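This document starts with one chain, in the form predicted on its own, laid out as structure tokens.
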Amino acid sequence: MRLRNKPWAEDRLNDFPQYVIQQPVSHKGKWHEVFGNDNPLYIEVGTGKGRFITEMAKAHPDVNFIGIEVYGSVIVAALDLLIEADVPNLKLLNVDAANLGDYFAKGDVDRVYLNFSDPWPKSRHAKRRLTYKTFLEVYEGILPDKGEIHFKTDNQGLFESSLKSISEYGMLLKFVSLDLHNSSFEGNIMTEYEEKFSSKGNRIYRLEAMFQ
């Protein structure tokens, strides 16, 4: 994925500490203090430009949300959305998903969302997929027992490899849709990519999986 470099992005993220968590390691095990309540915490890994997580925060004010994105030049767009929405139950985090265990303790996070992750289609890049077993280990380490992952993509190959990876890890598949937009699923909130791909006729795949 080619990204447009925005050299000013880091300064802008630092200018809004009320929205962008600056020292996440200091909140490990006590994220409820950041939000000032004991509501459940849901995170989106790879939040991109932030449409999904912002709309989720609006729709579920009794849940806390954190959008996580490794690319500063991308997450600044999510920051703009958050500034406009000004919802108190949403924060942003500019870190690498591989290091989530440095910032969250076991049970800090109640659910993980993965939406339209980079498919990394080549076999030699399989370890970079956000549903690869090493990432599943990371999620398991920050979720409670029976914590859940909710995953959406338009990429059939990524969905198939994710089903395989999740099943081999021993997780329980609670929900699987091979055509989300033509299913009976209710409450779907689309990402920017989802709207773009579905408008072209691409099928959207979705699953919910639980650690056992």
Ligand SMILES: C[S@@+](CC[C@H](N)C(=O)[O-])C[C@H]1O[C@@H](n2cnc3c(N)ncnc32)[C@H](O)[C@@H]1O
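A residue's number is simply how far along the shown sequence it sits, counting from 1. Computed from a predicted structure; not experimentally measured.
One more form of this protein should be noted, the form predicted in complex with the named molecule, which is absent from this view; the next part is about it.
Engineer: Does residue 47 reach the named molecule in the predicted complex if we count a contact as any heavy atom within 4.5 Å?
Structural biologist: It does: once the named molecule is placed as it appears in the predicted complex, residue 47 has a heavy atom within 4.5 Å of it.
Engineer: Does any heavy atom of residue 193 come within 4.5 Å of a heavy atom of the named molecule in the predicted complex?
Structural biologist: So residue 193 counts as contacting the named molecule.
Engineer: Heavy atom to heavy atom, is residue 118 within 4.5 Å of the named molecule in the predicted complex?
Structural biologist: Output for residue 118 is yes: heavy atoms within 4.5 Å of the named molecule.
Engineer: Does residue 109 reach the named molecule in the predicted complex, with heavy atoms at most 4.5 Å apart?
Structural biologist: No.
Engineer: Quick one: from 80, 137, 96, 102, grab the residue that has a heavy atom within 4.5 Å of the named molecule in the predicted complex.
Structural biologist: Selected residue: 96.
Engineer: Where, among 26-34, 141-149, 177-185, 64-72, do residues come within 4.5 Å of the named molecule in the predicted complex by heavy atom distance?
Structural biologist: Of the options given, it is 64-72.
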